[in-house]
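What follows is one chain in structure tokens, specifically the form predicted alone.
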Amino acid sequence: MSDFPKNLIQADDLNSEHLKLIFDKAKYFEDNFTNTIQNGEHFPDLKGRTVALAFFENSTRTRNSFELAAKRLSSDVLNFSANQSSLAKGESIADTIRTIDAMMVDIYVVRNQYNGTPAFIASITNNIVVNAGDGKHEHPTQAILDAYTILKHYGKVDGLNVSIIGDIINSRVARSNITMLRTLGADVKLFGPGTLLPRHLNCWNAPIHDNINDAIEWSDVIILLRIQNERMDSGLLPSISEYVKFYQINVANFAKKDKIILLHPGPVNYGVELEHNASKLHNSMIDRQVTNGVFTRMAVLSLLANR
């Protein structure tokens, strides 16, 4: 535990041993959930600690997941919204963090639309900082819950084939998953429109599939990414119908293979990257990802606080 990082800013802050600790801790919380939380008790890991949810960008799954995780660990939770703070009056992030520091906060969970904000906050506070998504940079706890979901289904991550499909270049989820899945020994390939792939593919050294059927045939796991509507308006994609034709996961193509699972970080644009009926198939893990997100974030908070 002594070498567990103080902060979690990006996926490569964690090695395979760190990830094993997280997965084992998450399983402990999951296995003991019924006898603890549902009996009106809480895990004591963060008793006497305060977690500040510093969300400068809108979020549903990540924010609620971290709030539940902190409360189930007996923490006090400070909810911070940028549009309801002095930031809206021109106060700097540095001054805001100094103010919250003075309130004796112990852990910051930070989500921001600009790359590098969690790292900047970590540089000006002595408290723990967890990146809950920054710009197009990274989203390490999403990669953790994705890997945990894969591990629970297959019993391993090492040696599996994982395809990430969709808007790769703008995705912080893709960046964190590429790093973390490789740390755990998975092979990763990408697939998406050329305008939404990295301009210099060798920067990630990730092969590209030729078509959606090849991606499904090769993969044990598909991580599907949201296509943002502004990509259509900006000319990066010709039309929704074109995207659906060449890149959508649907019942017709996905149900052809039994040994494969589907993940999506949400929110899903049904009818674009994913046909709604395909999300109801037995090998869709989307709802399980949400459940696993609470347990893995409990594990991250507990291990960071008690390193």
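Everything quoted here is computed from the prediction, not taken from an experiment. Note that residue numbering follows the sequence shown and begins at 1.
One more form of this protein, predicted in complex with a small molecule, exists but is not displayed; see below.
Note that among 135 to 143, 119 to 127, 148 to 156, 95 to 103, the stretch whose heavy atoms approach the small molecule to within 4.5 Å in the model of the complex is 135 to 143. Scanning H209, R111, R72, R182 against the small molecule in the model of the complex with a 4.5 Å heavy atom cut-off leaves one residue, R111. Among the residues T50, N253, N269, S59, the one placing a heavy atom within 4.5 Å of the small molecule in the model of the complex is S59.
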